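What follows is one chain in structure tokens, specifically the form predicted alone.
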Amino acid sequence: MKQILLITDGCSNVGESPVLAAAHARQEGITVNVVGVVDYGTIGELGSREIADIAKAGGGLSRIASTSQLAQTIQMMTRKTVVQTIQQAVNKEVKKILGEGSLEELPPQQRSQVVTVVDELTETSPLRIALLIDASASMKPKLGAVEDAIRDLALSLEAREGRSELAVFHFPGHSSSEDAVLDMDWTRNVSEVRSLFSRLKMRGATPTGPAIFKVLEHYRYDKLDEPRDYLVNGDDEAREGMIGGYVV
């Protein structure tokens, strides 16, 4: 499973629409979650609307969180998106077996078995999360909370049974022509995250759309050995056999 987790505090103001970019991500099987982080006051109506629209287009979740709630919010969203992705795949297989029926129509014992499968796959399915951090000037007071939240997320991913990998990008880049920067490539090593934030340079514009496209490009052309998630990328026969064994 693949996710982009965008952490921002306001509206994009440079380049392509972030909503369009998120829609492209969804078409490529990548879920986009968005956290709007506030310190004092509010994120603003326009910013709140954009955050919700990006997540909706990307098939993900959106939340507005204070700096004190940030770590808990990010972990909740990550897990909930994994569960939703697995449930969608399971429901698809159940429909193949039951026609127009639903999971609720299964006998209690078989329904319980399916729920158990979902719980197991939530912890064991391969997961990749690309963190995309808004490093515009207005985020500077919130950077400490973002750093703590990402370290907590890395620790929680490390505790999963399945293979979990994290990559980190920030935007804007070091120059006006650089939409986003890859700060850390795919890793399962939590210690690498700890040294990341001292290298971030906060600056003006907010090219959220181009930054999402940059992350998409990294996903698209990444040729590293990536575990296959049979629920998302596997063939229909393999998936039907796996899920079907529990419900038939």
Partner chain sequence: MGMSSNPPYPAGTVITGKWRGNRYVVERMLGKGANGTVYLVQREGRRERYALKIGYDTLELQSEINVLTSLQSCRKRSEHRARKESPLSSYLLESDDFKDRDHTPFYVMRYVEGRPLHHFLSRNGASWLGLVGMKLLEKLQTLHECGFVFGDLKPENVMVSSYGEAELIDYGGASPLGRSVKQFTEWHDRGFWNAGSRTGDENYDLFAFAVLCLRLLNEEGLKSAAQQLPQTRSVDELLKLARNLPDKKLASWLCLALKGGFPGSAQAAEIWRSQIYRARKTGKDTMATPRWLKNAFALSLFLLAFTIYWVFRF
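Numbering follows the first chain given and starts at 1. What you see is a predicted model; the values in this text were computed from it and never measured.
Omitted here: the form predicted in complex with the partner chain. The next part is about that form.
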Task: Contacting member of Lys140, Arg163, Arg111, Lys92, with respect to the partner chain in the predicted complex [4.5 Å, heavy atom] - done: Arg111
Open item on the list: With the partner left out here, check for me: in the predicted complex, does some heavy atom of Glu178 sit within 4.5 Å of the partner chain?
Closed with: no
Task: Interface membership of Ala167, the partner chain in the predicted complex, 4.5 Å heavy atom rule - done: no
TODO: Examine Gln87 and determine whether its closest non-hydrogen atom to the partner chain in the predicted complex is within 4.5 angstroms.
DONE: yes
TODO: Would you mind checking 118-152 for residues with a heavy atom within 4.5 Å of the partner chain in the predicted complex?
DONE: Val118, Asp119, Glu120, Glu123, Thr124, Asp148, Arg151, Asp152
